[in-house]
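Shown next as structure tokens: one chain only, the form predicted alone.
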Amino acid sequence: MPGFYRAAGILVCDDVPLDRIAATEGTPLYVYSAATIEARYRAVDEAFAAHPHAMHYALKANSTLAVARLLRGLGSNVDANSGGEIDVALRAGYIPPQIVFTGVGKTQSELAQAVDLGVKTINAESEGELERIDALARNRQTRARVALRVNPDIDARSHPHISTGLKTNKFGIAITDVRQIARRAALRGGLEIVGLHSHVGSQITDLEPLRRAAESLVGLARELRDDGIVIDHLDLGGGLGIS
């Protein structure tokens, strides 16, 4: 039986008694159920089976190497939120085209690391960040793949302190400004605009905010297509919560 349960009064994980693990490894320690992680991953992955998609595990949730390697083996890509998490991803066996670099407050050295590696996408939070990425890429005589993080002004219906998709939040580019900023960014020699990204919050237990965010990005992608900017992927972020 997968997961945690009691057998004859002994707590076990994936059929392994926890007292045996504690005796072998010592305490305190963390124990994760590989079978449960696999089941959760496959449930989401299979839900999108009819559509072209890629799953990117957010290392900020748990950057334990064993967990990252388990998910890579299941076919997952990865989302890194810092230079340190990019290093963890590489140690876990992910290759740069499988890594999306996201997050606020990226340092110059972290952006340089992502540009040098040639990660799948850098999710840019602002026009200022686009300018910094462009300068780094042109200095290296290359083009960096970027996605624009869109603030769609959508309430995630979770706790206000973990809501990231409203216009009153500090995250991303206001959806009303994205088209104009994208036009300017498309003229920069060091940038290749390949995606649109949104992250409306965490602990989301109602799918309606994610549905609305997806609709907003699709509409925006169509507008950019009319401007000659072809988007090849939409990055729909947000934490699915536990009710």
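Each residue number is its position in the shown sequence, starting from 1. Fair warning: this is a prediction, and the values are worked out from it, not measured in the lab.
Missing here is the form predicted together with a small molecule; even so, the following discussion is about that form.
*Asks:* Gln203, Thr64, Gln180, Thr36: which sits within 4.5 Å of the small molecule in the predicted bound form by any heavy atom?
*Replies:* Residue within 4.5 Å of the partner: Gln203.
*Asks:* Lys120: heavy atom within 4.5 Å of the small molecule in the predicted bound form?
*Replies:* No, Lys120 sits far enough from the small molecule in the predicted bound form that none of its heavy atoms falls within 4.5 Å.
*Asks:* Report whether the minimum heavy atom distance between Leu191 and the small molecule in the predicted bound form is within 4.5 Å.
*Replies:* Heavy-atom contact with the small molecule at 4.5 Å: absent for Leu191.
*Asks:* Look up in the predicted bound form whether Thr102 has a non-hydrogen atom within 4.5 angstroms of the small molecule, and give yes or no.
*Replies:* Looking in the predicted bound form, residue contacts with the small molecule include Thr102, since a heavy atom lies within 4.5 Å.
*Asks:* Counting only non-hydrogen atoms and a 4.5 angstroms cut-off, does Lys60 reach the small molecule in the predicted bound form?
*Replies:* Yes - in the predicted bound form, heavy atoms of Lys60 and the small molecule come within 4.5 Å of each other.
*Asks:* Since the chain is shown here on its own, which stretch among 211-219, 24-32, 195-203, 40-48 would lie within 4.5 Å of the small molecule in the predicted bound form, judged by heavy atoms?
*Replies:* Partner-contacting stretch among the options: 195-203.
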